[in-house]
Ligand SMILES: C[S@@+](CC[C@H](N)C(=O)[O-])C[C@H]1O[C@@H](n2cnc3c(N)ncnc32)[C@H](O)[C@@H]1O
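There is one chain below, alone, in structure tokens, taken in the form predicted alone.
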């Protein structure tokens, strides 16, 4: 029997690791590090720092592989399904070739494994296949939503108000009815601009919890172009961007 631990490591700060996650890290014999390319080298550097702080020195090995890229196309769902199939093939190879029977492997997941991450779906599919003796455990982490609201010193919800978590792609349809607060996790095209004039506040953050953190907040109508420019500048400077934002109806 092989064991796989899916460990949430928080939104970017090395101290986001929970005590439970730290204990899980100490159990692992081999860690799988998914490399997203040279522009995102800081991500794996942070993973390595977390392991140096919390894993048992000399007791584990690292296997680093290049993460498959999502194919381009107009059908977003189909491209994600294709990406996950490629990731599943990578995971299956790693489990077969890099983990001995009785050993424990670990995967470090940004934020929390349950939120906008497909690792759980992929591992579920591998376990359901029945071709491997595999057990897996999941350890929650601090989400980018929690890191964002803490950085801005705000609550996630208004009193008795509903919250919706969505993407920039869906935000183009407008602010949902009956919802006071919307959190946007994936927005490559400044979807918040579609809501200018709707009397909203925005709380935006990039690289939250890291040394590169950038925060902006205020009335959306006043900040939409400022945030759009900040996103461009950050992407140009780092080669990539990891950001999220919260929109709330003004009272």
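Bear in mind the structure is a predicted one, so any value in this text is a computation, not a measurement. Numbering follows the first chain given and starts at 1.
Although it is not shown, the form predicted together with the ligand is what the next lines describe.
Residues 31, 44 and 106 are none of them found to lie within 4.5 Å of the ligand in the model of the complex, as judged by heavy atom distances. Residue heavy atoms within 4.5 Å of the ligand in the model of the complex occur in exactly one stretch of 122-130, 78-86, 137-145, 173-181, and that stretch is 137-145. Residue 185 is the only one of 65, 185, 196, 216 with a heavy atom lying within 4.5 Å of the ligand in the model of the complex. Taking non-hydrogen atoms only, residue 205 approaches the ligand to within 4.5 angstroms in the model of the complex.
In the model of the complex, the ligand lies farther than 4.5 Å from every heavy atom of residue 162. With a 4.5 Å cutoff on heavy atoms, residue 242 counts as touching the ligand in the model of the complex. Contact check for residue 91: every heavy atom lies farther than 4.5 Å from the ligand in the model of the complex. Along 4-33, a single residue, 11, places a heavy atom within 4.5 Å of the ligand in the model of the complex.
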